[in-house]
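In structure tokens, the next block holds one chain alone, the form predicted on its own.
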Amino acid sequence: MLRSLKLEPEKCTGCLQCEMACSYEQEGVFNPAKSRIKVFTFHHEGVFAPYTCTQCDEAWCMHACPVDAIVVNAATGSKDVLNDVCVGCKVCTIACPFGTVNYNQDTGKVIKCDLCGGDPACAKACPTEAITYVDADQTGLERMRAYAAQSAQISPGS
């Protein structure tokens, strides 16, 4: 059974614990700039939204890579960057429609979420469960139901 990150912005307080945990797990430093997950802040509304790679089925980053440095991890389903193959051309950063593949100037390679090999540090660190690691088939079910219920309440011409 594949699992994926479920992000619920309405639960996010903007504490940035996810960014700190990710940067420490992946880079060995507490530095949000090196995190593979980011918390977007809507300043005027006082709202926060965590976001990271969605591990797309049709991963444009992977298809765009000219040296095949992004591969599917059979165990987790994540699209992982092979550092020894990556040439740092950044084509994948352009191909990603969500902006979740980033360039690491220190290494000259790209970085993206790899689900921490199946034990995501961001989900473990999140105190409000705005980020959870769940069965991949369930990540969008509640949102689809809520949207359908909301759409049914909106009458045409209102």
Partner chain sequence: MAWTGKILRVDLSSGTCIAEPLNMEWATQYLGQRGLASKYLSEEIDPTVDALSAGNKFIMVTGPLTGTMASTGGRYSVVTKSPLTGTIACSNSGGFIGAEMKNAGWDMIIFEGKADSPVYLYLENEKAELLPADDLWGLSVWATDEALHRKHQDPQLRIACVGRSAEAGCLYAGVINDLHRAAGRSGVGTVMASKNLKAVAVRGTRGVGNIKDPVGFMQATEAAKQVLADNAVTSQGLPTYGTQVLMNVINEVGAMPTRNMREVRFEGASNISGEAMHEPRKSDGKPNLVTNAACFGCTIACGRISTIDKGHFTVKNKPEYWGASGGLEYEAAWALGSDTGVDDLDALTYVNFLCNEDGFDPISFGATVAAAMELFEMGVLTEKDTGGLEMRFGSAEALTRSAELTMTGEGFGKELGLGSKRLCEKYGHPELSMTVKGQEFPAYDPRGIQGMGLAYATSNRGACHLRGYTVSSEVMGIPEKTDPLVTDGKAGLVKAFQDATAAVDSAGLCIFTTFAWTLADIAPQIDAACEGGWTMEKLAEVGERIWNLERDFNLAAGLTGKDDTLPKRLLKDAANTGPAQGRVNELDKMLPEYYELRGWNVEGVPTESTRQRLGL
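Worth saying up front: this structure is predicted, and the values here are computed from it rather than measured. Residue numbers count along the first chain shown, from 1.
Below, we refer to the form predicted together with its partner chain, which is not included among the displayed structures.
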**Report entry** Contact test in the predicted complex: Asp106 vs its partner chain, heavy atoms, 4.5 Å
**Finding:** yes
Report task. Classify Pro32 as contacting or not contacting its partner chain in the predicted complex by the rule of any non-hydrogen atom within 4.5 angstroms, answering yes or no. Result -> yes
**Report entry** Pro127 within 4.5 Å of its partner chain in the predicted complex, heavy atoms
**Finding:** yes
**Report entry** Heavy atom of Gly46 within 4.5 Å of its partner chain in the predicted complex
**Finding:** yes
Query raised in the report: Though the partner is not shown here, which residues of 5 to 43 have a heavy atom within 4.5 Å of its partner chain in the predicted complex?
Result: Thr13, Gly14, Cys15, Leu16, Gln17, Met20, Ala21, Tyr24, Val29, Phe30, Asn31, Pro32, Ala33, Lys34, Lys38, His43
